[in-house]
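One chain comes next, on its own, written out as structure tokens in the form predicted alone.
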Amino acid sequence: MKLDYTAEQDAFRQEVRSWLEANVPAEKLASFDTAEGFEQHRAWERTLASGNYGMVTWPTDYGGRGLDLIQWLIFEEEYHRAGAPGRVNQNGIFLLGPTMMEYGTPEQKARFLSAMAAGDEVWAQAWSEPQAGSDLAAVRATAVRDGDDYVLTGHKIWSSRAVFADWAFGLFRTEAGSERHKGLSLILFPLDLPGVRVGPIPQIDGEAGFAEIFLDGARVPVANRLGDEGQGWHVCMATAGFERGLMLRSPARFQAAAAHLVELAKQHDERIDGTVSAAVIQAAMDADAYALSIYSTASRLIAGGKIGAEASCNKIFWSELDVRLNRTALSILGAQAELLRDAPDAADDIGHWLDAYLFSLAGPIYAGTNEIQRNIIAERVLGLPR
């Protein structure tokens, strides 16, 4: 399939390419799972905002450009082609932001979206709990109404970026005695609020990419609820659709990684057998196939469609592609694959592949485990019995 772009789209691509060439940092930023790297990435978000590139699909009133999803895909292609830094506020701009566009009040949009696009407020997602990981409907954290406030109590875990973030959006049980999908509400709360304690969770590399959040009587205004009371499950499923099916993992991310894999294979041609060559080719084809699928989804959404259960198909595809792609790179590198990114002999970005592989292993788990996604596909797409 060949994609044809309009003159306007081609002009936008050139504009983005020129801006990124002039503004992408020459040196790689430190990991945003460190205090230093987090602030470096926040500064990069502000640089993006200075060019109105914080989130190009948002209205200009909220720091965007009012562009459509095809133009967003073009932006992402150029962004990853330029090797620009990772988006430290991805939970905000890719997940909460689109959900707030759909369910937020005018006051909430005015209060939060511009600051989100500018990187002034970085967000964490507070959904999972020790007893409610993939089974999100088992949430036990509560938000008890007290006048114009909610009093938050509970324990959230595996919250990405929460160690250094400013705000979190969490799912809470607002109806006493409710069970499963009923009686839940999505509530926004600052992470420096009295009654909120954030505990870092070190990863295998020692960096605190995750955190657990303890809430002990923290008070937030009722105005911080996103959507109607008791409709939190419905609102969260909209967020999950963005997470699984479109925004969180743009196809350009995997196309860029596949292109780097092809270059790696060329550099080490002497050590590659037919099996590895086939894996490299398959990764490149799968990345392009995913891109074409997302272009189709974006076109349908522009025409007024919705993201449905097929988002689960996308999530399985990109997460398992990511694992295969990085595993193939490690097989090419051999013993060098064990080098960390700071190792003296980890030249030519060799250490990147180990980092990328370790992170890819989380892909089949976050955004809803792939086992759960297969259940959704079986029931809602194929019509199989529970």
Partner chain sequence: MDFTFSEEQMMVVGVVRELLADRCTPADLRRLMNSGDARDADRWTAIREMGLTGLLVPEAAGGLGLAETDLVQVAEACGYAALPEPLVEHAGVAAPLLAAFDGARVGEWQPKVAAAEASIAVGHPANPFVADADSADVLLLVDGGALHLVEKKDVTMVRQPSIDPFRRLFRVAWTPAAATLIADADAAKPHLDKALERGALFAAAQGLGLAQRSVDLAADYARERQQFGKPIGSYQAVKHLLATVQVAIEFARPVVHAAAAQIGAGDLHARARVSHAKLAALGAAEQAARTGIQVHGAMGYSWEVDVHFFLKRSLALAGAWGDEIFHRQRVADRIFGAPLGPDQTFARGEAA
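Predicted, not measured: the structure shown is a model, and the values here were computed from it. Numbering follows the first chain given and starts at 1.
Heads up, the form predicted together with the partner chain isn't pictured, but that's what we're talking about next.
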{"query": "Listed residue (137, 201, 292, 101) with a non-hydrogen atom within 4.5 angstroms of the partner chain in the predicted bound form", "finding": "292"}
{"query": "Heavy atom within 4.5 Å of the partner chain in the predicted bound form - residue from 131, 108, 178, 299", "finding": "299"}
{"query": "Three-residue site 9, 70 and 281 fully in contact with the partner chain in the predicted bound form at 4.5 Å by heavy atom", "finding": "yes"}
{"query": "Stretch in contact, per heavy atom within 4.5 angstroms of the partner chain in the predicted bound form, of 74 to 82, 203 to 211, 146 to 154, 220 to 228", "finding": "74 to 82"}
{"query": "Residue 375: touches the partner chain in the predicted bound form, heavy atom cutoff 4.5 angstroms", "finding": "yes"}
{"query": "Residue contact check: residue 15 to the partner chain in the predicted bound form, 4.5 Å heavy atom", "finding": "no"}
{"query": "Proximity of residue 196 to the partner chain in the predicted bound form, heavy atoms at 4.5 Å", "finding": "no"}
{"query": "Residue 93 within 4.5 Å of the partner chain in the predicted bound form, heavy atoms", "finding": "no"}
